[in-house]
Structure formats: structure tokens, C-alpha cells
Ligand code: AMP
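Just one chain follows, in the form predicted on its own, and it is written as C-alpha cells.
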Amino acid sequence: MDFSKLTKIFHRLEETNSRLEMAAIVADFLKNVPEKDLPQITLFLRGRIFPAWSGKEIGIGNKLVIRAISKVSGTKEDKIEDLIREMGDTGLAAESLLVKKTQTTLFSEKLTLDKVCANLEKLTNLTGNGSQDRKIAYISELLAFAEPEDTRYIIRLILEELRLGIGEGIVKDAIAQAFQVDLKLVEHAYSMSTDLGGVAKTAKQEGCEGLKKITMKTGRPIDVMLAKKIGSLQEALDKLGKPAFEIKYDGARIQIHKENDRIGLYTRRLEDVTKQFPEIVKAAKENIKTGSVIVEGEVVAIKSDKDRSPRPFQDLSRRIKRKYKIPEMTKTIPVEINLFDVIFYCGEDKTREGFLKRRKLLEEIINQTDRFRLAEQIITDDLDAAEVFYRNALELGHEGVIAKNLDAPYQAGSRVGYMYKIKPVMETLDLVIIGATWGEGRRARWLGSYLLAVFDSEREDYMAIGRMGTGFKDKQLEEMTELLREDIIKENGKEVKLKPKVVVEVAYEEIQKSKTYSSGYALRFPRLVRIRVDKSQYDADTPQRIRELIEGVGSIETDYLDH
């Protein structure tokens, strides 16, 4: 398939703001896409190169791309930087420069989707001496093959800056339209597989009957079930009658996938963290008494083997981010896991069964140890008993409790009234950092005054909601700068534009309506609570949640066991 066909679709999508029209454009296109290309096409339409669960990252910054553009166009790098500042878009700058490419530099061969995929795949595997030059060579090759308009989108894909406004919902609608299948079946198949390309391929080949057969499997994480926030234990009892109350642990949600001796650990953002937690892998092999299963739990950093008191979440985040010297880290930051659900067992989907039945199955298949245990739980309709349990959770250093409907199924990727979290602290926001400003004086080498944004999930776009710039110690600024440096897209004076990748939990004094920021709102006195390494940019809070907070809606939808 020629890449130019995809370029034409990108261009059409860029010119419309209508959700219905976008879905129709994508649907018409998908009808004629070869089956083998559907998985990659659906990723590209959403501006992604690899699935979240693949563990692959392209890791290319703006400076490397500029060097590749310079190599192909013959334009000096400083001139390219000036043009990017002028046009505000590296892709458009590349297109304008490569329009002027002499005919002698053009390859006669057409740029294909396969060629683009092959070169992008190669970029993920390059490390060590000379890797930068080889990366430039692979990018330059694509630009040399491409028509000028193709280069706009190739550059944006590489920089993860496509942003066509094609959200997950639009692609699902398009799949249903293109292959005349039930949208609910598309949604369920995706929630079970987290693979829209595979869902599209099945819909084209087998229709509704094929979609019905799609189920989860070990080694492929699924979207987690979400819950709502309520204000009191009494409200939970009023809504649920006699629920199960479980501790809301101050950790990170983990799916454990076991297939005989093969263990996989995945975060709620679908990232593979198996290597980061070898002690959990060992415990899962030894203490899950079945060959094929997917269980969920909360991993918590603890003070020591003898003291199970939780450590700060930032200690756990160091474990999640660590890729080297892991054995040493297991000793300095020990962890435990508290298991609370089983969603797949011996080849069978357990999500349609009620929670109480799933919990009993979990109890049967888990051999508990000090560090590999079931989440603490009581089942009661007595407010006093619930209050004692709640206070104990807080005294142990955790966030509160989760109340669960005993008869409720597990709805992957859905926010439902089956579970509620109760905690005493003010609601914080999970926001994406999309920009920053270089400091002054002795802080000139550090980024500060971070531009925060909410995530519009319908259009997969980021809407600014304020700046967070006070209260940081030098060490924090240094750490934040190192974390964000590789995500710099471009700089204009002291202002820096960043890839929307890093999520931070933010407290604030008040939310106000504002014309200053694109969200229509502004935070008063935002302050950093912690960096959310366990969350992706797609997990950030939405404009809808901001509206609910500012309008005082009673039940605020939020992440289930997200901390």
C-alpha cells in the first residue's frame, strides 16, 4: 500500500472538525485497506506507532529530526529551526523545504506503508555508539522516498505529534460503519483485547460472529474497570446495600498474567513492568495455584520486610521507572502486592460473573504470604463496622476504602456504579505537562513553570488549564528537567513545547472559569503532589471532570484504584 493514500486521509481529517464526518472518512478508507495493514493503519490514524502494551518506544527528539531534514534538504540546521519557529510545526517546515528538493534527489520508487513501518521499527532497536547517525539515516531515507506532503505526516508520527483529533471512539464508530457490525460488539471486543487493529481485522473477516469470539488472553493487558467517587460510607451503603469494603492502597495497579511458568506484569497504562518487579514474578510462580490466569492487585512500596507501612508513592515510581540495577533496587525499596480480583481463569473469561464469586475464586487459587496477599476486606451493611475498617485503613497509611457491589460483573474500560471510593482528602487532578519555561539566574539550566493540560478523550487533544511554577526545591526542578528533557519538541526563547507524555497529580485551591487557557478553566495555586509514572497521557483527567468539579456534581467519575 502506498503511504500517499494514508497521507490523503490525514489531510482530509485535518480539514474537518465534525466527529461524524471524521468517522465517515475513516470508515470509507478502512473498507479498502488490505487486511494485513489494518492493525498498523488504526494505530497511525490515532497518531501512534506501536500499541501501548508492546513496550516499544521510538524515542526521537526534535533535534534529531532537524538533522535528518537538513541532510535531505541541504538546508542548514539553524535555518530549519528558524522556519519551525515561524511555522510552529516541524512537519510543515519539512514539507515546505522538501518541496524544493531537486528532482535528482528523488527516488523513483514509491514510499510504501511497509517501508515506513520497517524503518520506524528499526529506530526502536538502535543503541550504543553510532546509533544517532543510524537513526538519522533511517529517517532521512523515509524523507528522501516521500512526496513533500507525506513528509509532513511522517515527521509528525515520529515526533508523536500527529493529533488529528481521532479518538478511540471515532475509530470504533468507523469500524462498525465500515464492516457493518454492532458498535457494542466492537467496544466489547476492544475492551477484551486492547487492539483496535485486530478488532478491525476480525470485523472485516468474520463480522459480528467473529467479534463475539474475541476474549482476553494472557500476555495482553486489558483496560481496567473504573469507579466513581462518593463522599461518605453511609452513601456507599445507601447505594450498594451490603457491599464489600476493601482498603484503597496507596500504590499502583498491576495486572498479573500467568501462563504456566511465563509471568507478565502490566500497569494500568498497559506497560510491561515484568523486569522491574522480579520478586513479584517469583511470588506469582510459586503462589498462584493454576496454570493460566489474569489477576489484579495493587503493588505498594513498604518500609521493610518487618514493617509493612507504605512508603511514599514516589519511592514506588522509582521501581516502575527503573530499567537497570534492579536487584539492588529490590533491596532498597521492597514491595508487596495486595490482590483484589481475578478476571480470567483457565481459558475462561470471568468478567461476567459477580464480584463475590470472583473473590472466592481468587481466595482458592492464591497461596498467601507476607508479601503476596489478598486485599484486606470486610462485607457488611453496618456503618459502625465500616467506619472501624475505614479508620484502620487510614491509620495504616493508605488512602481510604473501596466499596464494591457483590453481584456486579467486571466491565473493562468502563466507569460504572458498581464500586465507589471513599477517602478524606480533597480531590486532586491528574494533568499532562505540555510545556514549560526555562528558569532564570542560578535556575537557568532547569525547567519550571510547567504548563498543565486536561485530555479531551473524544478528540485526543490536550487543553491547557494553568501553570504550576511555585514551591519547587532545586532538587525537584533538577529531577523534573531530566524527566522532561527528552520530550522537548521545540523551543522559542525561554518557552518550551513538550510531548504530552508526563502525567502529574496536582492539588489546587480553586477552579475558575478563564479565557486564558484553551480548556476554559484555570487552576488557582496548583501544586505538585507527585509524578504519576503509572499513568499515561490518555489517563489524564478530562474537561468533563473539570465541569463536574466546578459545577459541584455529586458523583465524580475517577479512576478505580488508580493510586
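Counting begins at 1, following the sequence as shown. Heads up, when I say rigid core I mean the largest set of C-alphas that superpose within 1.5 Å between the two forms. Just so you know, these numbers come straight off a predicted model, no measurement behind them.
What comes next is about the form predicted in complex with ligand AMP, which does not appear here.
Participant: Answer with yes or no whether residue 490 is in contact with ligand AMP in the predicted bound form, where contact means some heavy atom within 4.5 Å.
Facilitator: No.
Participant: Would residue 135 sit within 4.5 Å of ligand AMP in the predicted bound form, counting heavy atoms only?
Facilitator: Outside the cut-off, so no.
Participant: Closest heavy atom of residue 336 to ligand AMP in the predicted bound form, within 4.5 Å or not?
Facilitator: It does not: once ligand AMP is placed as it appears in the predicted bound form, residue 336 has no heavy atom within 4.5 Å of it.
Participant: Taking ligand AMP as it sits in the predicted bound form, is residue 319 near enough to touch it, meaning that at least one heavy atom pair lies within 4.5 angstroms?
Facilitator: Judged by the heavy-atom cut-off of 4.5 Å, residue 319 is well away from ligand AMP in the predicted bound form.
Participant: So if I measure heavy atom distances to ligand AMP in the predicted bound form, which of the stretches 146 to 154, 213 to 221, 399 to 407, 180 to 188 falls within 4.5 Å?
Facilitator: The contacting stretch is 399 to 407.
Participant: Tell me, out of 246, 95, 460, 173, which residue has a non-hydrogen atom within 4.5 angstroms of ligand AMP in the predicted bound form.
Facilitator: Contact residue from the list: 246.
Participant: Taking ligand AMP in the predicted bound form as the reference, which of 284, 436, 233, 227 has a non-hydrogen atom within 4.5 Å?
Facilitator: Going through each option in turn, the one that passes is 227.
Participant: Check each residue of 344 to 378 against ligand AMP in the predicted bound form and list those with a heavy atom within 4.5 Å, in sequence order.
Facilitator: Read in sequence order, the lone residue that approaches ligand AMP (within 4.5 Å, in the predicted bound form) is 375.
Participant: After a core superposition, would you say residue 527 shifts its C-alpha by at least 2 Å between this form and the one not shown?
Facilitator: Yes; residue 527 is a residue whose C-alpha shifts (by 2 Å or more) between this form and the one not shown when the cores are overlaid.
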